[in-house]
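A single chain, nothing else alongside it, follows as structure tokens in the form predicted alone.
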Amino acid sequence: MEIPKLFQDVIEKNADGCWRAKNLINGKWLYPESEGEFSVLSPVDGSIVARLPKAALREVASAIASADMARPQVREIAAIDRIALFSRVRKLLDENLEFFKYLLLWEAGKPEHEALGEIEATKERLRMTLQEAKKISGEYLPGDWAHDTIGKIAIVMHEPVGIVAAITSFNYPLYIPSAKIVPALLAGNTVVVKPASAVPLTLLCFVRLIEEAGFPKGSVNVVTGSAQVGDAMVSDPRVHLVSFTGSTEVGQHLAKTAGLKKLHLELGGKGVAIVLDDCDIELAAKKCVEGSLKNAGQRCDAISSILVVEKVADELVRQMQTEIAQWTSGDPREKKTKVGPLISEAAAERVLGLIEDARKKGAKLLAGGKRKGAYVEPTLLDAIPVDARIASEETFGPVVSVIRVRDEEEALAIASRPQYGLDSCVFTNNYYRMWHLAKSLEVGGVTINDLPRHGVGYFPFGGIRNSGIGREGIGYSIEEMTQHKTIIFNLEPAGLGKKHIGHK
């Protein structure tokens, strides 16, 4: 595909035909002084999509300085004008839909329906900025409810935190950056972003839309490169908030590196589906397969283990065998494909290792189980023993994993073993059982009779334990991107405060 004119400042074509993408620092698209280059390889066929710079530490510092200088300008934009700017971003995204679909295909290996779904979710998030902006409000506190504040009042304000350092993951190259950048700017912050090195082009082009819409120079800066770039961003004392989506291991490292900063971390998950003997089995089978295979299983909210009561396990597995056959795997350029490649051959090899480990320990392979390049067939494993790695590790691949249990109490015991706590789901038609499980599962969110899905974030989501800190979603992301300031007024000198008459 030819590079649209709007993005020719971002991406240029070399003499050899390969794309070369730039960074954005202080309103300028440039190929900075760097520590070399890295190549973006397509999971579709292993070809080079583009080459990008490994930004030097001085360039990271320049990007943060640019964000610092732009803070007053961004903060002074009226909320209604910020909403109008994001409406322009949404319009530009719609006008360039085909190009973003192309980027998502070649960078992330997404079939057309997955790419379009991600684009539509991003557009919807942009549409809902009006609703989100209304969450930036304050609170009036009369002081006459406590003895020591009689005669005073206070106003609690939500103010921008300052500079947001955003580091994004590979699985949703458009939506996840938008879910960080949009609420950050909407709250009046500036942003420095490091995209996942496997999928930087989509983010760079999305930021170009923000620039074109009319946000001030320096509002958003983008630097690409190694983990060293991310460390330099989060450790800089000028940065006020670190927003990261990715693995638990990297999140823990960034938390140690950041120091005394506000942290918003969405990390790994080991989402379980608990299937009880009084559920709608057909519904459970359909939703469990979808929850395991959607986006090739590369979702933090994916169903990673299915804990099914033995009484209905055979029927559930039988129906899932029928269901999984409808999930065609292959080249994402083909219309029939529902499951494309994983992000890399290394990722696919890791998932295959989990499958083989489970088989060696006694699990039954009922479908799939093979790898070719970055492609892993949709796989169904039954009767997985609890000591298999796949029973406790995050899968992040297209595997439907079944663990048979005696009852809901054993299911709860197994669900509590991994140190994650993001999402889980329960399939039952008994209100009391669903309430018991929903209250007992130590996770950030529980879905009843459906797969977990964060969508545009209309319902808040986030993890506990090793799955992260903070909440995302319409309104909730804004809360993370602001800080409280309390202004106290003493009204007594003017005689305006309420009087304390005492008690007899």
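Numbering starts at 1 and follows the sequence shown. Keep in mind it's a predicted model, so treat the numbers as computed, not measured.
Omitted from view is the form predicted in complex with a small molecule, to which the following refers.
Here the marked residues Thr322, Leu366 and Ile384 all miss the small molecule in the predicted complex; none has a heavy atom within 4.5 angstroms. Among heavy atoms of Lys262, none comes within 4.5 Å of the small molecule in the predicted complex.
The small molecule in the predicted complex is approached by Ala227, whose closest heavy atom lies within 4.5 angstroms of it.
Under a 4.5 angstroms non-hydrogen atom cutoff, the small molecule in the predicted complex lacks Thr129 among its neighbouring residues. The small molecule in the predicted complex is approached by His253, whose closest heavy atom lies within 4.5 angstroms of it. For the small molecule in the predicted complex, the listed stretch (307-315, 373-381, 228-236, 212-220) containing residues with heavy atoms inside 4.5 Å is 228-236. Checking Pro332, Pro160, Gly291, Gly246 for any heavy atom within 4.5 Å of the small molecule in the predicted complex turns up a single hit: Gly246. Proximity to the small molecule in the predicted complex, taken as a non-hydrogen atom within 4.5 angstroms, holds for one residue of Gly269, Pro177, Pro183, Gly109, which is Gly269.
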